[in-house]
Each structure stands twice: as C-alpha cells, then as structure tokens.
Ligand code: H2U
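Here's a solo chain for you in structure tokens, the form predicted on its own.
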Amino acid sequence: MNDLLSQRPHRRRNALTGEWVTVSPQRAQRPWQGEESPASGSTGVTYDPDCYLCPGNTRASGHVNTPYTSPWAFDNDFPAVEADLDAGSEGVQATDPGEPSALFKSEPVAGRCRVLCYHPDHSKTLADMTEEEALAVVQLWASEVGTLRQSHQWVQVFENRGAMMGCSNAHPHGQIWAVDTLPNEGAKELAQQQAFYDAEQVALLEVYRAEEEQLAERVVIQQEHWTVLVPYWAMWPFETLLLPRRQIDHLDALTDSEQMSLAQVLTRLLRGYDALFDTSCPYTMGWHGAPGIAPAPHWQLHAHFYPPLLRSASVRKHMVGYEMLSEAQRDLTPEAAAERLRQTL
C-alpha cells in the first residue's frame, strides 16, 4: 500500500456496495477512555437444562427439541417474518391508500425463519469443533439453502456469536431468514456486481480476489478452494471476507472437496479471531448467495465476518456519531489488521 495512505486520512470505495469508508490511521494512537465490556468466554457446560436449544429440552413455545446428535434445524418459534400473510394483506398497494401521499409507502413481506443448532454440546462453538464437526454445519447450510431458495428471493444464512453482538442464547447456533423480497444489502451488492459483469463479462469478486491474492498484503488465509482477506474497504477493525476460488452462485453448489476445505478454513479463521483477543471472539457473520434461482454468472458467493472488537477483548468499535450520520470510519488500516490476523494463524 502507498506509504502516504498508511499514515494519512483517506477514503476508500467499497466496490461491492458503491459506498465509501473513511480511514484515519493517525487516530489509532489515541488513548482510550470509552466503554469497556466484560470479555465473553465459553460456558464450559456441555448441557444446560434451562437452554432452549439443548437436545431434548422444551422451548419457550412448548415445543420439545429432538434429542439430536448432529446439526439440526427447526422453524423459529418467534419468526421475524411469516410464511402466510394475513388474508387482509393480500393485494395491498405499494402506497398505503390511508396515507396522504406516495411518501408513505409500504408492502407486505413473507418468508421463513429457521434456527440451526450447530452441535449438541452447549459449549462447543464453531472455533472449537473438529473439521468433521464443522463440515456437518457446512452441509446443513448447503442443504437448507438448496431447499429455501427454490421458493424465496433471498436466503440469508447468518450467525451472531456472543452477548456483545446481541446473541440471546449461548448454545452454538445460527439462523436463516428466507424472504420474498430483495433486502437493502442484497440490492446494493446486486447492482454493483451486475454492472461490473455487464461491462467486463466476468464476476466482480473473481477479479477482486485475484488482484488481492497477487498483492497479498490483505490476504489472511489462502487454500486450494478458499481465500480469506481483510477487504480493502473494511468498515469493522478486523472484518474479513471469505471467497471461493472459482465462481459459485450458492452454498448448495459447493463440491464435496470445497465443503471440506471450507470447514478447515472456518475453524482456522475463528480460532485466529479467538487467539487475537484471547477470548471467545464475538462476531456477526453471514453468507451472501445470488438472489433467486436463475443462473447468476455476475454473482460470487461470499461470506462476511464482522467482529466488533477494536483494541482488546473488552474494547469494541461503536458505529456512532459521524458513522451513523455521515459515513463509516475506521482507525486501524485494513493492511495492519490483516497482518495481525496472519500472526495468529
């Protein structure tokens, strides 16, 4: 990277969304007197009789979990969206006729919300799993996506890990929200990838990955089938982007060897995060596959990892002030973040 950029404030454009982020390397030296949160850690309990997700337990809804011994999924008892719209909402106009103008716009949304229990052991996160156990999670992701995308426009696989990220249950689990509309982030990524493909006849993230691999300064992990890097435009201090090394539309298109390689990369990366802060590192992660079911040569499957930690296990990055009102801003450069992550692997 240009030495001047490594020391001076500048902006970087996110090629995937078209948005910008302000980078302020000089601020990394400022003393910290803000909030410090207690570090999270493993419960060490393999079974919790009060946990709604442990095998055989009764959930708040009254449903009883199957005594599962491998990854298991079920419909969320308290879904954010529902499969069946109320009869009265069918045919609702985009503009609410009860409001005075087109500025008051709404539309119904339907979908399905799934909960994915990763492991029967209450204390075993993805970072703690063997490669075979992580592979079983990858296979469940692929199976769920393959089914849900047949009838939904957008299938969002995600995981919130740790109380700092708002996770309400410590049991290792993720979620899938499948909806009949294209949400904001999907729409932004689709517009940029489609425009690039129309102009170049190649997937944007395929070109980007190849260029990052050649530069190597932001690459964290590179294996036969997968590359992990800190994106040039990263907002969060230790954000990473996980990319396949061939063009793939969806998780259910992975080969057996790509699934196994993904399990290896996931456990390695997440252990690196834990080692970086000497804690069970909190994060939000999620997969972005192509919308709909039509072939999508313009779209590259990818996963985002957003850990909030900034300086230590107890100091997090807050998106407030200028970030909320103007534009995302970071102090640590993506290049410095990548180097620190590499040192943990």
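Computed from a predicted model, the values in this text were never measured in an experiment. When you see a residue number, it is the position in the sequence shown, counting from 1.
Below, we turn to the form predicted in complex with the ligand, even though it does not appear here.
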Check your understanding: Between the options Asn76, Gln264, Gln153, Ser123, which residue brings a heavy atom to within 4.5 Å of the ligand in the model of the complex?
Key -> Asn76
Review point. Which residue among Ala294, Val64, Ala60, Val320 has a heavy atom within 4.5 angstroms of the ligand in the model of the complex?
Key: Ala60
Review point. Gln259: heavy atom within 4.5 Å of the ligand in the model of the complex?
Key: no
Review point. Gln175 near the ligand in the model of the complex, any heavy atom under 4.5 Å?
Key: yes
Check your understanding: Using 4.5 Å between non-hydrogen atoms, is Cys167 touching the ligand in the model of the complex?
Key -> yes
Exercise for review: Considering only heavy atoms, tell me if Tyr52 and the ligand come within 4.5 Å of each other in the model of the complex.
Suggested key: yes
Review point. Using a 4.5 Å heavy atom cut-off, which stretch among 210-218, 159-167, 180-188, 251-259 contacts the ligand in the model of the complex?
Key: 159-167
